[in-house]
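Okay, here we've got a single chain as structure tokens, the form predicted on its own, with questions on binding and movement later.
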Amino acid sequence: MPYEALLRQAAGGDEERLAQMLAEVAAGAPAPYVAGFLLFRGHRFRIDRRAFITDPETSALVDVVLAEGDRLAATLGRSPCLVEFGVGAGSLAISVKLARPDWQLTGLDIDAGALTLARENASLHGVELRLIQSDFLSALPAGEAPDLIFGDPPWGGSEDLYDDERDERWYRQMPPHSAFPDDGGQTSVHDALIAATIARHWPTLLVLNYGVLPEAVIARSAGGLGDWRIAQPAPGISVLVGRAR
């Protein structure tokens, strides 16, 4: 069973507890929610139904963020300022911060519960992470242009999946609107974020995960950007790297 090692770790040798957790997962509950934590890039993060369960594939997104951030640092001659859009449990932003402690990291999320969980995880890992409740970029001052915005916004639909184990039912158990766009558009959240960045006339670099979506769909989404490319750090995983101007 996928995630059995995670459940065994959570059970801590209690076979009765393990059997109970395995039964919950067999009934359809996502294993990280049952265990109460997830493992990502070698780090342990608390997780519960307040936040989206980080897909392991988004480790590739972190790799691209680190590479692009390093390029920015070399160009700017200083540590870059990064914002994660849709910080959720904080696993992506905290992973970046652990790898580059001198970078300034801000996490945005519309969901207060997710932000509370991200705060718990930041404390658990001893990192400084500014967390702001925000609808898109609305809570960021217009004059506070980050050097880089990254994230894994909701994308695709019930047929756009990394694998058969994590099906639509798996994602529908997560907070509303956190897995798929509300309106059924495959990239509507990405499109709105790109538009919000352009409207602010920010020269910010965008690094956004589009998962398994095809290149033609990503190209349409990126149409408003003046300069962009698709990084494919792993087979079947596409990350947009682009700039409004």
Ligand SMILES: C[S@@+](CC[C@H](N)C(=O)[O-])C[C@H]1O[C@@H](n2cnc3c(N)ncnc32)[C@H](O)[C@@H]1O
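A residue's number is simply how far along the shown sequence it sits, counting from 1. Since the structure is predicted, the reported quantities are computational estimates derived from the model, not experimental observations.
The discussion below concerns the form predicted together with this ligand, not included here.
Across the options 146 to 154, 96 to 104, 160 to 168, 70 to 78, residues that bring heavy atoms within 4.5 Å of this ligand in the predicted bound form belong to 146 to 154.
Although the partner is absent here, F52 sits close enough that one of its heavy atoms falls within 4.5 Å of this ligand in the predicted bound form. Contact between H177 and this ligand in the predicted bound form is found at the 4.5 Å heavy atom cutoff. In the predicted bound form, this ligand stays beyond 4.5 Å of every heavy atom belonging to V127.
In the predicted bound form, S134 approaches this ligand with a heavy atom inside 4.5 Å.
Looking at 87 to 102, the residues that come within 4.5 Å of this ligand in the predicted bound form, counting any heavy atom, are V87, G88, S91, L92.
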